[in-house]
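Starting off, we have a lone chain in the form predicted on its own, written out as structure tokens.
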């Protein structure tokens, strides 16, 4: 059966100011679209039915990758994942993560802004409208029950953005703009651990660019998924670590993604590894500490228990990878 898009008006502004003005329309429901790889399927499933789509495709200022005067990497929100993957200006770990998203065809269309703004996912909502109607609409879908955790008043849909996890670990910031002006927001403050209110970005704000620091330390991103392509992550671990001349950890940022409604920093594990060499025992304890605050649910591919078991494995794997490259 063909699932058709609902009716909508389609706007293609050529300036950021015009796009922001269209998004601020108080009389109609409006959303922005870039590559459309996430928005279009959701519209077909009637998860969102906007009256107006505002395309960013003609706004040239949103494209491109550059280094600013401070040596930071600045990536335009409409830059495709394929372009990010192929750029020598982008930190290697970020470029590699972009090249590991979905498939080559999707990476040629999907954008940085779309991946950073990816809606949370769940087995109970990423279905056709007829399926959801038959099963009963969930909390995120306008119902009164979270079918993942029926006794909870919280939506447990998960964040599946690879680039959000890596950008948080790198200490990046995003520029948001609206008719009210611009603001810079650290990536760490961009997300909430809530499946419905998962972003602090206002509905009328446009993500303009991502800024990554010049010196990030040794970094890696380890991703678990059923297949080696196409699939969303079941788990993603990003680690950014610096070492002193003796090989002792001087600083660490460890971020666990795809197990909650936002990428989460494993702060206890970070604090534990600082001041220590990465011995087998240290890595095992860091993995154990990273698991304590993680509560995967049965709302995606494979069971929650398996994903929780994999957290310490992938944290250890990530820390071992940066230790090996520091030699």
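Fair warning: this is a prediction, and the values are worked out from it, not measured in the lab. Residue numbers count along the first chain shown, from 1.
Below: the form predicted together with a small molecule, not depicted.
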- Go through 96 to 104, 143 to 151, 212 to 220, 183 to 191 and give me the stretch that gets within 4.5 Å of the small molecule in the model of the complex, heavy atoms only. 96 to 104
- Assert contact residue (the small molecule, in the model of the complex, non-hydrogen atom within 4.5 Å, options 266, 286, 32, 262) equals 32
- Selected contact from 158, 110, 170, 254, since only one has a non-hydrogen atom within 4.5 angstroms of the small molecule in the model of the complex: 110
- Are 195, 296 and 304 jointly within 4.5 Å of the small molecule in the model of the complex, each by at least one heavy atom? no
- in the model of the complex, does residue 274 have a heavy atom within 4.5 Å of the small molecule? no
- Item | in the model of the complex, residue 39 touching the small molecule (heavy atom, 4.5 Å) | yes
- Any chance residue 92 has a heavy atom within 4.5 Å of the small molecule in the model of the complex? no
- Message: Even though the partner isn't displayed, in the model of the complex is residue 258 close enough to the small molecule, meaning a heavy atom within 4.5 Å?
- Response: no
